[in-house]
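One chain comes next, on its own, written out as structure tokens in the form predicted on its own.
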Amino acid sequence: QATATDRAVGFGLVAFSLILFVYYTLWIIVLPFIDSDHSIHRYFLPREYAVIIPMVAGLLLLLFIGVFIMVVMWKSRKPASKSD
């Protein structure tokens, strides 16, 4: 059974993901078809960030996955046995 805190955190993560998805979709797919002098453009970053931000996020994700695997492998290694 999920506690109320678990449900609240889950709802917050889903809401954040939905807002981020809608914002990015509008930014990438809809915004190019709207005139550049329209007032909606001030709510969005310049278009080059549409490539830079996901690329940096992906690289950070790969970095964290690599560090996690390295730490798990380092902690689970067995001490070398001495042969006299």
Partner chain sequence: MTKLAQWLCVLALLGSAWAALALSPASLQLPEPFRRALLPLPVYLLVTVGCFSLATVGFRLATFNDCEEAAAELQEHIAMARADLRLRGLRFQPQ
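Numbering follows the first chain given and starts at 1. The shown structure was predicted, so the numbers you read here are calculated from the model rather than taken from an experiment.
A second form of this protein, the form predicted together with its partner chain, is not displayed here; the remarks below concern that form.
Peer 1: Check for me: heavy atom within 4.5 Å of its partner chain in the predicted bound form, for each of 2, 16 and 20, yes or no.
Peer 2: Checked in the predicted bound form: all three residues contact its partner chain.
Peer 1: At 4.5 Å between heavy atoms, is residue 66 in contact with its partner chain in the predicted bound form?
Peer 2: Outside the cut-off, so no.
Peer 1: Is the gap between residue 47 and its partner chain in the predicted bound form 4.5 Å or less for some heavy atom pair?
Peer 2: Within the cut-off, so yes.
Peer 1: Taking heavy atoms only, is residue 51 within 4.5 angstroms of its partner chain in the predicted bound form?
Peer 2: Close contact exists here: in the predicted bound form, residue 51 approaches its partner chain to within 4.5 Å, heavy atoms only.
Peer 1: For residue 9, is any heavy atom within 4.5 Å of its partner chain in the predicted bound form, or not?
Peer 2: Looking in the predicted bound form, residue contacts with its partner chain include residue 9, since a heavy atom lies within 4.5 Å.
Peer 1: Within 23-48, which residues come within 4.5 Å of its partner chain in the predicted bound form, counting heavy atoms only?
Peer 2: Stretch hits, in order: 24, 25, 28, 29, 32, 33, 47.
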